[in-house]
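In the form predicted on its own, a lone chain appears below as structure tokens.
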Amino acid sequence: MSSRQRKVSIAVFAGIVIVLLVAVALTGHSGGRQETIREVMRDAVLHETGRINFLNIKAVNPGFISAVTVTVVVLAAALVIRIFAIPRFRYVPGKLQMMLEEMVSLFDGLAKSNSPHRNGFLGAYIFGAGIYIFVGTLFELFGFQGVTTEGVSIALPAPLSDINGAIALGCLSYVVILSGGIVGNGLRGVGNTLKDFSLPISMSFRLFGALLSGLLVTELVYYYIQLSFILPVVVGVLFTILHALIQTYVLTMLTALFYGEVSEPRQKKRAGD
């Protein structure tokens, strides 16, 4: 790039910044909002007003629509890969094959390192759960719209930003951990698993709290019009990507760790010991 082109680029960038600053100064506080920030935050958590009619059967939370959409997309992608991609795998992998093998190896290694005794089903589960969390968290970046029962268009949130979705995944992970205890140690494994009765609660609210925090920060930024230029893009993308990576790792790691603990064979005490 020549010095002249560099000067022109800097001038264009400076002009855009000046225009945005002038727009912020002129708009002031008049954003035309009818809801207070408290009402916006409350609705983002409880979804009392922004409900969507699901197949003309029942009004549900937007998170449920997101969960169904993400589930269908993930299953459809898995079916397409299984039918068209996997039969064409070669000894020397291509880009798609290498990416898939790295993903499978990552979760399989996580399962084997934390549960060396029983890890076949565990690897498959944490792979599925990890993909669902990652794709579901990134889902809100696409800004797909839904129409509420009041006729208002809203952006569909991440499935796990709904407390119901987070609790469902947390409880499902706990059931998988419990099954590992039963298979590995029978009734003794059940007892060891039930000792950590707070585990599904902590897993659920860890997911819910982390994803909801990103949602609330983004809502807060969008609410105030002075912050609604450029900044929401940076905040939304960074929060979403970080949460997708961190929460995928945290839940799969915790599930594998606890599964390995309860499924580890316990040696029976000998008589007289």
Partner chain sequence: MNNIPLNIDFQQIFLHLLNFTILTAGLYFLLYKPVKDFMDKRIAYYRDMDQAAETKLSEAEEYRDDCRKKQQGIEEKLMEQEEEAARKRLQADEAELQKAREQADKIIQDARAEAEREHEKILENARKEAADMVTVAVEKLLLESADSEVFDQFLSSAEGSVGDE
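Please read these numbers as outputs of a predicted model, since none were measured by experiment. Numbering follows the first chain given and starts at 1.
Only in words, not in the display: the form predicted in complex with its partner chain, which the text now covers.
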Tell me, yes or no, whether residue 67 is in contact with its partner chain in the predicted complex, where a contact means a heavy atom of each within 4.5 Å. yes
Contact label in the predicted complex: residue 117 to its partner chain, heavy atom within 4.5 Å: no
Distance check, residue 123 to its partner chain in the predicted complex, heavy atom within 4.5 Å: yes
Might residue 241 be said to contact its partner chain in the predicted complex, defining contact as any heavy atom within 4.5 Å? no
Can you confirm whether 190, 206 and 245, the three residues that make up this candidate site, all sit within 4.5 Å of its partner chain in the predicted complex, judged by heavy atoms? no
Candidate from 78, 194, 147, 201 lying within 4.5 Å of its partner chain in the predicted complex - any heavy atom: 78
Given that its partner chain is left out here, which of 154, 138, 131, 183 has a heavy atom within 4.5 Å of it in the predicted complex? 131
Listed by sequence position, which residues of 56 to 86 have a non-hydrogen atom within 4.5 angstroms of its partner chain in the predicted complex? 58, 59, 60, 61, 63, 64, 67, 68, 71, 74, 75, 78, 79, 81, 82, 86
